[in-house]
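Below, in structure tokens: the form predicted on its own, a single chain.
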């Protein structure tokens, strides 16, 4: 070991010992012990997420995380979804010269029985698992206002199904069955449109009825007596939270599937289209 490495090792040892001594003594000051109870803000969220006795304060959802994401801070969640959508639009812009339809047609001989993809056992297992994945993902999204989950989690789980088929069978398997960029972008756009309309639903109702209302309003408030019904056929849907989760589910599932398809395009095809002109 040379002198330089020895100095580095000794310096690291001294640093670790110094920090250890500082944190175990009062050199860095005294820190309060963790609270034994629930913080005031957390108590307020837990108290108001589902409290029918105070209808002007509650979000009517037993799932506090979903209530916070889509009710208390819904506008922030909307911007996060918009950023994700713009990233997908950027990916499509880079791939705008590539026709996935022609790519599938040029590989008509590539089928699941012609030697492409993985083994027959893998393909059979994928066929059995795909509907189960879709069912579980839908349950995660549609029950997101009642149990842990939500639209983003459910949409991410749903995108595993086409990803599984893409890996097991090949991308051409998906393209020949209509799972391509345009349908997925349409699904993504429909989900975003659902979020937009849900966010403005109470405002539109207020304009029609002539009462005050707010953007992203869920349940009625003291100065805004309109809201989205918390029950549908005696089933708790938590007003706008169910609609937001459903729309986010469609948007995320379509968006991730679209990205997976774009990433599976052969590199040589992409490079031949985006390389640009060559000059001597």
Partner chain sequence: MRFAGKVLGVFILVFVTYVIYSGSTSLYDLTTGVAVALATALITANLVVREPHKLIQLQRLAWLTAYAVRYFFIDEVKAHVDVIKRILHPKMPINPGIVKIPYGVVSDYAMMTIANSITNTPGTVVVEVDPGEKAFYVHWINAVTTEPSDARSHVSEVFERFARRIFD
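Numbering follows the first chain given and starts at 1. The shown structure was predicted, so the numbers you read here are calculated from the model rather than taken from an experiment.
One more form of this protein, predicted together with its partner chain, exists but is not displayed; see below.
S.K.: Give a yes or no for residue 244: in the model of the complex, does one of its heavy atoms lie within 4.5 Å of a heavy atom belonging to its partner chain?
M.R.: The answer is no: residue 244 has no heavy atom within 4.5 Å of its partner chain.
S.K.: With a 4.5 Å heavy atom cut-off, would you call residue 178 a contact of its partner chain in the model of the complex?
M.R.: Residue 178: no contact with its partner chain in the model of the complex.
S.K.: Does any part of residue 228 reach within 4.5 Å of its partner chain in the model of the complex? Heavy atoms only, please.
M.R.: Result no; residue 228 lies far from its partner chain in the model of the complex.
S.K.: Considering only heavy atoms, tell me if residue 140 and its partner chain come within 4.5 Å of each other in the model of the complex.
M.R.: Within the cut-off, so yes.
S.K.: Pick out the residues of 157-179 whose heavy atoms come within 4.5 Å of its partner chain in the model of the complex.
M.R.: Read in sequence order, the residues that approach its partner chain (within 4.5 Å, in the model of the complex) are 165, 173, 177.
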